[in-house]
Every structure is written in C-alpha cells, then in structure tokens.
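This document opens with one chain alone, in structure tokens, the form predicted alone.
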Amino acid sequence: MADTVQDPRLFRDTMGRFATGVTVLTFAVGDEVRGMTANSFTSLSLDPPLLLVCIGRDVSTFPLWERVDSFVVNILGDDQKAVSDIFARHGAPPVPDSGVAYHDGAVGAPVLDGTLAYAECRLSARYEGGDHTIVVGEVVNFSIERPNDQPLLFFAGKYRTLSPAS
C-alpha cells in the first residue's frame, strides 16, 4: 500500500492532468442566490438520474451548501471563460449581481442563460470526503441548450478548448 501523500501540491498537479469540463453550480438558500465554479462534477446514475459535485470546505459559499436543498449544474461552453472567472472568485457576487443573465429554474435555483447544457437537481445526500463534502443531486430537469457548440475545459491549471476534429 502506498504511503500517505506527502506533497499536496504535487498531488493536485497530478490530478490536474485529468481534463475536466467547467461548470457553475447555482443555488438559492432563502433570499441568497449564489453560484460557484466547479470542475469536481460527474454523473452518477441513470436510474434514478443522479449526479454528484464536490464542494471544498474552504470555499466562501460552503456554509450555504450545508443548507442547500436544490441546485443547478450549468455546463459552460468554450466562449464562457469570463462566466467561469466571475464565479471562481472567493466571495463571488450573488447571481443577481454577477452580470450573468439567468432565469429561475424548476427547483427554485437559477439557470444561467447561454450555457451548453444544465441539470436541475434536488439534494439527495451529502457525504464527508476529506476536505470536501460530496453532494449528490437527483436530476429533476435538464436540457441541452447548444448541442453543436464546444465545452470549456480545464487541464493542468489552465482553461483549454477542444482542438478541431481531424
């Protein structure tokens, strides 16, 4: 069995060699409507439709995530780096003040306009996961908004895009 990771930065850099899509998670708790950029996201189950996101306990919105009962995963296109940057900042502005257009979704959380796709979820479970909380959402509504456009990717600490098919 391998020893415990001794160099957290090297571990992070190693895991960063796995390319991921970029999402903005949006949610409402009471009168607070917030969003955060995340790439720790994956589908989990088709029946029932479940997905999971991992929320770092050090993010400014973490106290709200402990009270979330629904949220939206907004999947960003390669033209939405600025949207990702807005919600990646510590203490990012509430969604209504971010300058990013949105509409109210079926679960009471904002759906960002212009994304590639989105999935609206009701909270199904939370699990402890080291310095993160694993949040499982049951998908209750979803849509592919821009089926022919390319995703925004994150790899080795930088935004990336797909190269044209050869």
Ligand SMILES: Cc1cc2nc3c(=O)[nH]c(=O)nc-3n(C[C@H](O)[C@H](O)[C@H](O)COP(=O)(O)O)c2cc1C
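Nothing here was measured: the structure is a model prediction, and the numbers come from that model. All residue numbers are counted from 1 along the displayed sequence.
The following text describes the form predicted together with the named molecule, which does not appear among the structures shown.
Indicate whether the named molecule has at least one heavy atom within 4.5 Å of a heavy atom of V59 in the predicted bound form.
Yes, V59 is a contact residue.
Quick one: does F142 come within 4.5 Å of the named molecule in the predicted bound form, counting heavy atoms only?
No, F142 stays farther than 4.5 Å from the named molecule in the predicted bound form.
Please determine whether S98 contacts the named molecule in the predicted bound form, using a 4.5 Å cut-off between heavy atoms.
S98: no, not in contact with the named molecule in the predicted bound form.
Residue-level question: is C54 within 4.5 Å of the named molecule in the predicted bound form, judged on heavy atoms?
Close contact exists here: in the predicted bound form, C54 approaches the named molecule to within 4.5 Å, heavy atoms only.
The named molecule in the predicted bound form reached by all of F27, T42 and R126, non-hydrogen atom within 4.5 Å:
No.
Would you mind picking the one in V135, V68, A119, M36 that has a heavy atom within 4.5 Å of the named molecule in the predicted bound form?
The residue in contact is M36.
If we check the named molecule in the predicted bound form, which of the residues in 65 to 93 reach within 4.5 angstroms of it by a non-hydrogen atom?
Read in sequence order, the residues that approach the named molecule (within 4.5 Å, in the predicted bound form) are F87, A88, R89, H90, G91.
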